[in-house]
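First comes one chain, alone, set out as structure tokens in the form predicted alone.
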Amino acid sequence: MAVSTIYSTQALNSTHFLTSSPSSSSSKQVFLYRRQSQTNRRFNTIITCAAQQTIVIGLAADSGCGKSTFMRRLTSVFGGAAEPPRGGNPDSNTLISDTTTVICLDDYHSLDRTGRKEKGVTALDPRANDFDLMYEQVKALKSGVAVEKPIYNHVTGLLDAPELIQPPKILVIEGLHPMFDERVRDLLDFSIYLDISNEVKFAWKIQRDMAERGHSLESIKASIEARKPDFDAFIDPQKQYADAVIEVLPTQLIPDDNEGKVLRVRLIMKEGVKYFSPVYLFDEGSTISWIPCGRKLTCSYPGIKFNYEPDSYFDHEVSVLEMDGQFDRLDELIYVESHLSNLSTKFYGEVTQQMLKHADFPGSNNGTGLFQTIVGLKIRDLYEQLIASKATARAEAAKA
């Protein structure tokens, strides 16, 4: 594990910046100004940390669209449960496992809840977020340098004192804006966008906010309508930059369905991404329609239908794998898994094993859970290829 040294001095102004310079052949130094709440003093911080290369993954989605569930599936693929930093702020949004650190980009809000209300902006508005600090700290972590990251407290709506984040092997930045700022976008080794249709998003938010947070139906509708202009302007356009998009839509198997319990999910995979080979069904590059229900796969009405085809998405060539319907028995998923290629599994049946392991997670009986699991396995493979490539490059440089 990297070893850090921290020095603090009181700052004289409100400008923050970061510089990095080698202090020895095996360490780097970062000089970082961190901004705290108005009631706290401001500090300059110098952190030195043994350098290592960190792989950065970006996950973008609107609030209530399944980012947390996806994070749990992803960290499970790498092994070890993701937990908040031990001994730190109990309201921290950060999750840490043996391999992965997940940072919530809400921590880079420049305005607390009261400040946003006073200025009449939502958290989706770029003016309510500090992209300079986001870029500087993600860049530092990617270079193997520890940072003191702010904390946005979702309970109080305030900006809490910062927490020390060590550079992990894999850094996942998840939230509203991981691909909004071009500088941050260029730091990403892989990016995912969770694209939930308005109909499904509304159903999910009702389930979460009414059941878990005690919100009324009227307040949920008002919240969605208030956020929509900013979502359309600042969040939704980010999907054009994603290497993979998981698109969740109402089913087409039930005419005029209004319940939203059965989903049609599309995994849109960009072609030509280094270290990433799109998953395909039966025959790569072909157009396939497959209804697997029968003796080998139990499924009740309205059944299950898969589609696979090449397509174009924001002028990019993509491969699209689609599942409409839901499973009755997860242990039979291995029948579907055996017909998919380029899954990047370590052994036969690993997708099914991962799905069974988290059978209680939302979406485990439909394409959301299946495609989140598949993307997690692809990210593991991408990470291993990147690490192998860097090791080869270092070996060749040493020979030279």
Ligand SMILES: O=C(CO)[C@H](O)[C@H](O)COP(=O)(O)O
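Numbering starts at 1 and follows the sequence shown. Predicted model only: the values in this text are computed from it and were never measured.
The protein also exists as the form predicted together with the ligand; that form is not presented, and the subsequent description refers to it.
Overlaying the ligand from its position in the predicted complex leaves no ligand atom within 2.4 angstroms of any backbone or C-beta atom here, which marks the pocket as open. Of the listed positions (139, 266, 305, 109), a single one reaches within 4.5 angstroms of the ligand by any non-hydrogen atom in the predicted complex, namely 109. The partner is absent here; in the predicted complex, the one residue of 117, 227, 316, 185 having a heavy atom within 4.5 Å of the ligand is 227. The closest heavy atom approach of residue 152 to the ligand in the predicted complex falls within 4.5 Å. Heavy atoms of residue 354 never reach within 4.5 Å of the ligand in the predicted complex, leaving it off the interface. Taking the partner from elsewhere, residue 221 is found to have every heavy atom lying beyond 4.5 Å of the ligand in the predicted complex. Although the partner is absent here, residue 54 lies well away from the ligand in the predicted complex, with no heavy atom inside 4.5 Å. Heavy atoms within 4.5 Å of the ligand in the predicted complex are found in exactly one of 101-109, 76-84, 289-297, 275-283, that being 101-109. Residue 63 is the only member of 59-92 with a non-hydrogen atom no more than 4.5 angstroms from the ligand in the predicted complex.
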